[in-house]
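So this first bit is one chain, no partners, the form predicted on its own, shown in structure tokens.
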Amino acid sequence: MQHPEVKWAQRSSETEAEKNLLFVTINLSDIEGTPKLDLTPEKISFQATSNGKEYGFEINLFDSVLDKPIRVNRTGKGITLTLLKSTPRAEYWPRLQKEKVKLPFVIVDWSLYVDEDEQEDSVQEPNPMEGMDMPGGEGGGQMDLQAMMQQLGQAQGGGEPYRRREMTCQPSSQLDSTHYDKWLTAQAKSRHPSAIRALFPLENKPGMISLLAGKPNPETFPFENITVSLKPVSPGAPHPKLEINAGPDLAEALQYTATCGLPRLHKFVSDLQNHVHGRRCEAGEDDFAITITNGSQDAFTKACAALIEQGDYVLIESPVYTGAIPEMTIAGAQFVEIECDEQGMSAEKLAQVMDNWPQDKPRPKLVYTVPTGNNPSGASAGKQRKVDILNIARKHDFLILEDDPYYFLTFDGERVPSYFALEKQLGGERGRVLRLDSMSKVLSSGIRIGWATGPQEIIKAMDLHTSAANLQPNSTSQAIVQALFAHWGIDGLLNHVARVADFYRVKRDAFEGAAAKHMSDIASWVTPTAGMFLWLKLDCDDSNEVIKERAINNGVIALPGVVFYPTPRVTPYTRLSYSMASIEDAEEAFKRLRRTVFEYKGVEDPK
């Protein structure tokens, strides 16, 4: 197999992630049939036939990129990819390939080359396709990406939606704002902005005298400052202090403020979403919004009010987070349960339900999922599983409510890209994922800080709900978290959550070890790779009687599986939390639970 010529160039920026570009051009004319192009964060692979000869290569990249190109262009002379580097850096990559070995077919694209220290002097960003003969038109320009994918043999149409595809990039597009009319509830549409809060931004205009709101004068507040001491990150390390002193910062922490959150905290969260999920809100390019909430449960409640009304069908995991059932029930949801496996919701089962949906029934509005360290099952969806479910959502036109409070508690392997990240990485329609994040599991459950990220129309409906119900998320909690994030920065926050995840990994290992010691012959389970829960299938018919009645009498409390289903049923499952139990408590709890099971069965324990 011969190598085609591969040209490359790059751009870099430490502060502007979107400028960390990689341009890769595969020069191969007269490609016959369907070429194979596969892109992962670490590797580019290519195979094609030209003039009866086989060409191909596999390049391990020097560093990682997002596995969805920003742009893919095809001409009679070859293919050009515009990629985004995963990690913003000021320095250029020293070479395209990871290995310190020269690849003779890889050369610098001098037509796009700019010196590292001259990037800021460049008047405009390069057009890597300028002057190339594009199919379907005269001169240059970007071809239709869906047609391009069909030529590459990776079209989205046909086949079962849950089958794996090597490359699923599609033309990027934003759902039109009118598309949300059918999803928003009558209640959400009836809300109007607060006459007072709508004018809050004008108070920051220089020279403006505000006689607007009945804000209490901060001179009457009895608080002089707020000081918080942090734990040391390691033994012997200092105890940093966060101080919110008298002046604008303290006034902001104690006063009425913006419905969507304190501006600096909002900006940090926006930067964090870009860093973690690869998305930044850009008008006309990626239109989404963020709102700070009193934890993710607050966000969930308002999302339900905005999207679910009497008779609406909602697709849910089975089992499902028990805290989600009451709010959706009150809203009027008709539950459609989708079976789960070791990765959570089954894409195959979801596809079967939707492909056979009765024509005389209204179609589901949304799917609700806890995709990481699922509560209660502990399951975590892999990337391909999420891709499959996202494709099903696109095919059948419903929303994904991604409730992900355990995302940062992934302790086995790297975090899987979120649905929110994937809908951009894969290309195609954007704007059908509403993502809920929480700091309760990694900072403090009592501080009640979370956020929702998603389509502007839905976030606006949630903000209007907030302005009527509780005016704003707790500004004092926000100010403390804002000061903490300013002290840490994004890297410091991610280092902290990594330590928290490692803490729970140790807890998981010890807890599962105790379970294996005492329960392996009378229970089964799947090892969780994230979160706080072990989902045990007991050797009994009805865990409700075992857990709710007998176990309590024997001195151990857990939740019977029945509470994680919207309708009563007999189930052998029970959810056990390992977040608080010491090793000694875990050992004793499983001894008591074992004794309880054998009492229920009415037989003697062979051990």
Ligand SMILES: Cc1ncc(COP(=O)(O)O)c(C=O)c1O
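Residue indices: 1-based, along the sequence shown. Source: prediction; values computed, not measured.
The discussion below concerns the form predicted together with the named molecule, not included here.
S.K.: Pick from 464-472, 192-200, 368-376, 99-107: which stretch has non-hydrogen atoms within 4.5 Å of the named molecule in the predicted bound form?
M.R.: Going through the listed ranges, the match is 368-376.
S.K.: Might R448 be said to contact the named molecule in the predicted bound form, defining contact as any heavy atom within 4.5 Å?
M.R.: Yes.
S.K.: With the partner left out of view, is D403 within 4.5 angstroms of the named molecule in the predicted bound form by any non-hydrogen atom?
M.R.: Output for D403 is yes: heavy atoms within 4.5 Å of the named molecule.
S.K.: Taking the named molecule as it sits in the predicted bound form, is S440 in contact with it (heavy atom to heavy atom, 4.5 Å or less)?
M.R.: Residue-level check for S440: yes, a contact with the named molecule.
S.K.: Please tell me whether any heavy atom belonging to W535 falls inside 4.5 Å of a heavy atom of the named molecule, as the geometry stands in the predicted bound form.
M.R.: No, W535 is distant from the partner.
S.K.: Though the named molecule is not shown, can you say which of Q482, S418, T291, S296 has a heavy atom within 4.5 Å of it in the predicted bound form?
M.R.: If I apply the 4.5 Å criterion carefully, the residue I get is S296.
S.K.: Could you check which residue among F335, F398, Y321, Y180 gets a heavy atom within 4.5 Å of the named molecule in the predicted bound form?
M.R.: After the contact test, the surviving option is Y321.
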